[in-house]
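Take a look at this one chain, the form predicted alone, written out in structure tokens.
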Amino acid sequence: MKNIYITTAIPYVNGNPHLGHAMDYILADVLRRYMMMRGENVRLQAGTDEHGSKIYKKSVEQGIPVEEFVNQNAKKFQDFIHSLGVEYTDFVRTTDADHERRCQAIWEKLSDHIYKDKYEGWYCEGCEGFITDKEHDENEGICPDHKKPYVKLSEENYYLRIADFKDRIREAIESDEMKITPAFRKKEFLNLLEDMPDVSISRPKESVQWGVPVPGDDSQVMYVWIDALANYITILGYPEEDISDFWPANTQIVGKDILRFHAGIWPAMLMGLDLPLPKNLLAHGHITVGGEKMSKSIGNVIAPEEILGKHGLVPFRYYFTRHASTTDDADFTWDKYEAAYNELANDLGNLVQRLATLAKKNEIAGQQGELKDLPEFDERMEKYEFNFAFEILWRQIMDLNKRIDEEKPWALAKTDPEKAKEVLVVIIKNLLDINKRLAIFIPDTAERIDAIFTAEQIVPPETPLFPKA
């Protein structure tokens, strides 16, 4: 048994959970369930990023004390994660006293690579990020994500000297010591790395009232990077505890838009701390709607709760793990979602219903499945091609439907009842074999299938697994 550590990016709590967050959590849960199926000891981290000016301003707008505001929104994200059928072992909040204390200790450990300097340039309040002149000019002075002009700032901040680590970061990525998936994202980042500047890791307290105080300088608070990125190791107890049982992380799952922070700033921090780098960075794509990026201005934003409310959790997980690419952008439309639900009903739901009905008629007792070797499935999972791995299982489900149609056990029962039973037992056992891996993607349905076909006497469900409206 190996120790496996999987992480998800921690979201700001100034807004509601969206489909990008859902992808983070579901992909992490799929990987967790796969590793557990293989007998590994898995920790899965989740959490919330609760400091910064955006959060403070939002709490003021709503007339709520900032502590109460972040408490409410942290619970909102925890409830959302549970609504996706995702089970984590660790949940970190950046306002936790342990996290704040450990961040300050990390700052002090990095002090040889930190310096103070005056910054004059552009800042995006929406991104809470500093913008180079080149980015400012390319975007014509307006943030493409938040549709707001960049702000000119002049202030004195602390910086992490990324230049100290660039060569080592490049070597680690090129050698796959820290592997980036998909490969084209690796190439994109290596092109960015050359021009990556030193990064501001503090803001004046007069500008950001809500944050972790910088050790030895009460006039400054930590800026997002050390505060937020450090969560992956502070939740394990670093620097007070030995974290080598679970660090380095096996897989850190992030959206493609924040890969550059995790591939650039984060390894610089780890190198400065003399800690090993994560083994894998998995960058997933975004969810578009009808081929367009979701945007409030366009009015095409779809909340995860809206989709979950349509047919429940199982179709949600099915769509976003089989019909959405693990690493590329994926498109959502209600027509595609309905088509996916009909697949579930026709291919899997009908299989379960008629197989259980035939088993009852032929008085077949419950069976047990086996976790047989499936090398092509494992190969896809290890490459983080979860949608292709799911497709392998679905082909097997279709093969069972075809086998029933071809062998016609209902007709065979009239002439050779024992042979009909043999045929049905083989199909049931095959379904239970497949079901052990289906549990990685759609655990609720897998649990129901297992309950039906392992019972002392097989009885079809009173209502179909996926009823049609």
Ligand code: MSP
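Since we're looking at a predicted model, the values are computed, not measured. Numbering starts at 1 and runs along the sequence shown.
As for the form predicted together with the ligand, it is not shown, yet the points below apply to it.
Student: Within 4.5 Å of the ligand in the predicted complex, do we find a heavy atom from each of R317, D347 and F466?
Tutor: No, none of the three is in contact.
Student: Please identify the residue among V301, I258, L275, I243 with any heavy atom within 4.5 Å of the ligand in the predicted complex.
Tutor: The residue in contact is I258.
Student: Quick check on this chain: which one of G285, P182, P248, G264 has a heavy atom within 4.5 Å of the ligand in the predicted complex?
Tutor: Of G285, P182, P248, G264, the residue with a heavy atom within 4.5 Å of the ligand in the predicted complex is G285.
Student: Taking 4.5 angstroms as the heavy atom distance cut-off, pick the stretch from 210-218, 166-174, 231-239, 106-114 that is near the ligand in the predicted complex.
Tutor: Of the options given, it is 231-239.
Student: Does the ligand get within 4.5 angstroms of any non-hydrogen atom of A446 in the predicted complex?
Tutor: No, no contact at 4.5 Å.
Student: Report whether the minimum heavy atom distance between D450 and the ligand in the predicted complex is within 4.5 Å.
Tutor: No, no contact at 4.5 Å.
Student: Is M196 close enough to touch the ligand in the predicted complex, meaning at least one heavy atom pair within 4.5 Å?
Tutor: Flag for M196 set to no.
Student: Looking in the predicted complex, any heavy atom of L351 within 4.5 Å of the ligand?
Tutor: It does not: once the ligand is placed as it appears in the predicted complex, L351 has no heavy atom within 4.5 Å of it.
Student: Give, in sequence order, every residue of 42-71 that has a heavy atom within 4.5 Å of the ligand in the predicted complex, or say none if there are no such residues.
Tutor: Just D49.
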